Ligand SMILES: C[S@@+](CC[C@H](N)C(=O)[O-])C[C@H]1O[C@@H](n2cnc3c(N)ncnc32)[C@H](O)[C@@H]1O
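Read the single chain below, which is given as structure tokens and is the form predicted alone.
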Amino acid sequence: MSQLNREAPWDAFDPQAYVEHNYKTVIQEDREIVSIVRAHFADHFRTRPDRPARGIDVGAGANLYPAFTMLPWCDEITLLDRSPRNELYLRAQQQSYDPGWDAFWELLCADAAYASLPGGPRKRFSEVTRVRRGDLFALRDRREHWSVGTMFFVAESLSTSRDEFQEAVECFLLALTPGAPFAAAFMEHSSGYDVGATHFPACNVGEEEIEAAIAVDAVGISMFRVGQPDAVRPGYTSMIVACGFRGTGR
């Protein structure tokens, strides 16, 4: 049964159940993803130490480590999510995030830029993050606003619609300034997912469809296949991580 983003039960999204299932411990897939994104951002920003960036994590939900990957480089990071319960979770974490997230930060500290972050990650996270409730499709009105961005498990996980998947990728990329580095992660061939007792829709897309959607507005794209089918939950074939740079074509 098809389901559009506006029809999904976002008010019922349970962030505590989501964290308990997905991020209670660090799994191998997260280790790989962190390593990929850490290298992408560190390699880019190491040559631009005098240019603090404005970052955004689109669909931040109950996952802090995408924002962690941007901490050394940003003087402001927008955490955008449309679920009111996710907004409350993020605001609570903003004050002093739960100890369980420390293990994810430790993975980033393999790079000196993270390990030597002035004041440490908790202080930095509290100072630079800005929690905003909003629909990612509204980013079409904030074109070229952010200079680095992440979007993890969002575009394919908001509806069953291929058109909405492609629009979500487009809105994310066009909200970045030309040349901005980005990292995005996707569940390949997802059949939907449960958070607590509530089911949420997903769009069935493969690596080729994901890369094609990104390539419209991006350059220098690197694609990575992470993990085995159904390793985290039933109903997907792999995780796909895409890193690249916002293009200048439109």
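Treat the numbers as computed from the prediction; the structure is a model and nothing was measured. Just count from 1 along the sequence shown to find any residue number.
The next section is about a form of this same protein that is not shown, the form predicted in complex with this ligand.
Student: For the spot marked by G55, F68 and Y114, is every residue within 4.5 Å of this ligand in the model of the complex through some heavy atom?
Tutor: Judged in the model of the complex, none of G55, F68 and Y114 sits within 4.5 Å of this ligand.
Student: So which of 173 to 181, 127 to 135, 103 to 111, 68 to 76 is the stretch with heavy atoms within 4.5 Å of this ligand in the model of the complex?
Tutor: Correct option: 127 to 135.
Student: To verify the annotation, which of these, T160, Q94, S147, S83, has a non-hydrogen atom within 4.5 Å of this ligand in the model of the complex?
Tutor: Going through each option in turn, the one that passes is S83.
Student: Taking this ligand as it sits in the model of the complex, is Y193 in contact with it (heavy atom to heavy atom, 4.5 Å or less)?
Tutor: Close contact exists here: in the model of the complex, Y193 approaches this ligand to within 4.5 Å, heavy atoms only.
Student: Can C203 be called a contact residue for this ligand in the model of the complex at 4.5 Å between heavy atoms?
Tutor: Contact check for C203: no, nothing within 4.5 Å of this ligand in the model of the complex.
Student: Report yes if any heavy atom of I214 sits within 4.5 Å of a heavy atom of this ligand in the model of the complex; otherwise report no.
Tutor: It does not: once this ligand is placed as it appears in the model of the complex, I214 has no heavy atom within 4.5 Å of it.
Student: Considering only heavy atoms, tell me if V37 and this ligand come within 4.5 Å of each other in the model of the complex.
Tutor: V37 lies outside the contact set for this ligand.
Student: Out of 145 to 164, which residues reach within 4.5 Å of this ligand in the model of the complex, heavy atoms considered?
Tutor: Going through 145 to 164 in order - heavy atoms within 4.5 Å of this ligand in the model of the complex - the hits are F152, F153, V154, S157, L158.
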